[in-house]
Structure formats: C-alpha cells, structure tokens
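Shown below, as structure tokens, is a lone chain in the form predicted alone; questions about how it binds or moves come after it.
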C-alpha cells in the first residue's frame, strides 16, 4: 500500500481481515476520522472523546502492550496538539498507532490509565511538558519539573529562556 493516505472506507475495505479494524468497525464506527498505512504499521486518527473506548476495544482484540504516549505541538495550527499512542500486540505481532488531535482551547483528552495502568507516567509527562490534561487521570501532576514551574516547556510558544 505504500504511503498512500487512505480514507476510512478504503482502510475498512482494504484491511477487512485486520482484527483491530473489524473490532473498531463494530464497536466504534464513527471514532476513526482518518487512517494511514505505512511501513507495515497502521495509524488511526481517533476522535478525542472516543480514545478510551477505542483502547478498550483494541485491548480486547489482542493489543496487550502500551509502548508509549507522546505529544506533538503543531502551533500555530489548529487543532494544536497531537497525542499519539503506540500499541503492540505480542500475539498478532502487529503495532498500531493512535492519534488524537486536541484543540488549544482547554487541551484535554480522556485518560487511558483505566485501560493500561502503564499510561500513568506517560500521561503525566505529556501534561508536564505540553499542558494537555488527561480527564480521569488518578494523579495528574508534574513528573519532570518542579511543581512551582510556570508553563509547559515543550510548547512551541514557550519562551526560549523561560518566563521571567
């Protein structure tokens, strides 16, 4: 398939045998807003309000390991933040990447700690460095910077020398 950007219908039709696609079609038909298949890995853009449910569905279909949660700041673009989840299935020997696009006004997305407890520290890191809030997180507080630190230093509009 190469680097062709695929719409939802093409992904569903072309990857009908994919367990993740089948499960998401059945459980969350409107959650996937875009998709890309590249280098043998599937990337799905998920509506931010559906991320926890999508993760639960993937977990039930054999995606058992959360590898990472990270963020990209697309400032000045909107939606500004891209929260990315890398998920692995040991059984299926497949990776899947989920992306949730989050607006700059009240940047927040649901926490996936109830699905994968290992997301705890990753979500804290994203909160600390980018300021994206994870709704339902059990203890969202700074993990790398002191509590009294002003701002979130990996935002592109953060001053190079910090706030003075």
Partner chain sequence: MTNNLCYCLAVEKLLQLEIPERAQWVRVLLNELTRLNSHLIWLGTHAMDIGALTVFLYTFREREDILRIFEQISGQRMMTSYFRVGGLALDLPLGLFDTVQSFIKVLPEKIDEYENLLTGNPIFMNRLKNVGTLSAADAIAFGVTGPPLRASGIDWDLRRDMPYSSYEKFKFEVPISSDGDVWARYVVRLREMRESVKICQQALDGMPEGPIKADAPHVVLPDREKMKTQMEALIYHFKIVTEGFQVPAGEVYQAVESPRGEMGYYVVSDGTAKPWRVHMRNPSFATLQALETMCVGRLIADVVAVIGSIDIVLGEIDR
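What you are looking at is a predicted structure, and each value in this text was computed from that prediction instead of being measured. Numbering follows the first chain given and starts at 1.
The discussion below concerns the form predicted together with the partner chain, not included here.
Enquirer: Three residues, 22, 28 and 132; all within 4.5 Å of the partner chain in the predicted complex via heavy atoms?
Expert: Contact check failed for every one of 22, 28 and 132.
Enquirer: Flag residue 141 as yes or no: does it have a non-hydrogen atom within 4.5 angstroms of any non-hydrogen atom of the partner chain in the predicted complex?
Expert: Contact check for residue 141: no, nothing within 4.5 Å of the partner chain in the predicted complex.
Enquirer: Using a 4.5 Å heavy atom cut-off, state whether residue 61 contacts the partner chain in the predicted complex.
Expert: Contact check for residue 61: no, nothing within 4.5 Å of the partner chain in the predicted complex.
Enquirer: Using the partner position in the predicted complex, report whether residue 56 sits within 4.5 Å of the partner chain, counting heavy atoms only.
Expert: Looking in the predicted complex, residue contacts with the partner chain do not include residue 56, since no heavy atom lies within 4.5 Å.
Enquirer: Classify residue 111 as contacting or not contacting the partner chain in the predicted complex by the rule of any non-hydrogen atom within 4.5 angstroms, answering yes or no.
Expert: Taking the distances in the predicted complex, the answer for residue 111 is no, it never comes within 4.5 Å of the partner chain.
Enquirer: With the partner left out here, which residues of 81 to 99 have a non-hydrogen atom within 4.5 Å of the partner chain in the predicted complex?
Expert: The stretch 81 to 99, when checked against the partner chain in the predicted complex, contributes 82, 84, 86, 88, 89, 90, 93, 94, 95, 97, 99 at the 4.5 Å heavy-atom cut-off.
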